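In the form predicted alone, a lone chain appears below as structure tokens.
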Amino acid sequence: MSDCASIWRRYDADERRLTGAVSERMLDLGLLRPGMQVLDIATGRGEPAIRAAKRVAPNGAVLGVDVAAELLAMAAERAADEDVTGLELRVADAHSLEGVPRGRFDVALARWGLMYFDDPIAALDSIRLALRPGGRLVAAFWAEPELVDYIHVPRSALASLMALPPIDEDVPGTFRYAHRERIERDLASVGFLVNHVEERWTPVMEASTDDELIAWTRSFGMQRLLVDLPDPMQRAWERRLIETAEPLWKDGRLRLGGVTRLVVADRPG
């Protein structure tokens, strides 16, 4: 099992519980109803594909695609546990969507995936072609780094101890689409028409101890900055992280998350 799959085995249930409202809102914005054909991009562990399959049942269908077979296996396990039907999970590259029928789908979904692609414009064009004329794309992106505290808080703690490289928003990563202007530009470049944008804060992690906070932040985004640091510096970062997060605790619980932008765009019909 890869390190990525191991991490998600540990945190999947919590993340699914905390972020479920975002998935449900995406389905609302997609106007999902029974009988629809839905394409879910970067399905991973099954969000929001599994929820979508429940909405379009009994005679609709969802195709979820991802390049990570191990994560799709987790989605398949969950779908079986929840008796979900009408869901196909397929290993496929979203840049080309080779083998995926063109003009078939009523709605395409992409929750926190497009920003990680090497060529997101190619992926957007492939998604557009997979949609029927008049079809709809609903995508979720993280907002500016200072609005996303699950990354901003641990980075700030480390930045108080050493100089950090700036976040490069021009390469694949969490913040490639942190600015609304870039989202709208790239969607327009392949022929999508943006008709709605909204923002909401959503938690992605929950801790009840400092050790849980440290473990989660090491697993998601910080380990590559920490791995080559001497042990005393890493321990100093842990102490500073605890101090930085102290005001965010409430009723014995700490949640970190961020502002996510939900964007609705249509393929002209």
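Just so you know, these numbers come straight off a predicted model, no measurement behind them. In case it trips you up, residue 1 is the first one in the sequence shown, and so on.
The form predicted together with a small molecule exists for this protein as well; it is not shown, and the discussion that follows is about that form.
- Taking a 4.5 Å heavy atom cutoff to the small molecule in the predicted bound form, the contact residue among L226, A236, A57, A68 is A68.
- Only one of R111, R128, R155, R176 comes within 4.5 Å of the small molecule in the predicted bound form through a heavy atom, and that residue is R111.
- Note that among 45-53, 196-204, 209-217, 238-246, the stretch whose heavy atoms approach the small molecule to within 4.5 Å in the predicted bound form is 45-53.
- The shortest heavy atom separation between F141 and the small molecule in the predicted bound form exceeds 4.5 Å.
- Contact between F105 and the small molecule in the predicted bound form is not found at the 4.5 Å heavy atom cutoff.
- The small molecule in the predicted bound form is approached by H95, whose closest heavy atom lies within 4.5 angstroms of it.
- At a distance threshold of 4.5 angstroms between non-hydrogen atoms, F117 is in contact with the small molecule in the predicted bound form.
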